[in-house]
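Next up: just one chain, as structure tokens, the form predicted alone.
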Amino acid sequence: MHRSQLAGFIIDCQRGSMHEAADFWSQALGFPRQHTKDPSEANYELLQTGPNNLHVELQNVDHESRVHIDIETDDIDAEVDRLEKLGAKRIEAIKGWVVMQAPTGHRFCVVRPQRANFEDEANQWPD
């Protein structure tokens, strides 16, 4: 048995600076920026949405700008297997998460738990 739920939305930004993109989306959505001092996270900006809310994150990408979702899970391999049985395709593993593509062509990621409500509210799936 493993669990999963929608974690949040990732805004993939191809053009411009991450600082300018984070300023725009922070003001547009009404969520303050959460600054990080970790240089390895320079391609990412997180907006403060609260511990139980969906997270909103920006990432610097080489592909076309778009929005994708993250599905958080306590067992990435089991969740990827479940989603593949539903018709999704594994695209690549990156830094501990897996990029997938839905049968509709939409890209999404399977990630470790992100939100504080995961233990109480995530869906349970038989393995």
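Computed from a prediction, not measured in an experiment: that's the story for all the values here. Residue numbers run from 1 along the displayed sequence.
Just so it is clear, the following notes concern the form predicted in complex with a further copy of the same chain, a form of the same protein that is not shown.
At the 4.5 Å threshold, heavy atoms of R66 reach a further copy of the same chain in the predicted bound form. Although the partner is absent here, V111 lies well away from a further copy of the same chain in the predicted bound form, with no heavy atom inside 4.5 Å. Proximity of A78 to a further copy of the same chain in the predicted bound form falls outside the 4.5 Å heavy atom cutoff. Although the partner is absent from this view, Q27 contacts a further copy of the same chain in the predicted bound form, with a non-hydrogen atom inside 4.5 angstroms. Residues are counted as partner-facing when one of their heavy atoms sits within 4.5 Å of a further copy of the same chain in the predicted bound form; in 111-127 these are N123, W125, in sequence order.
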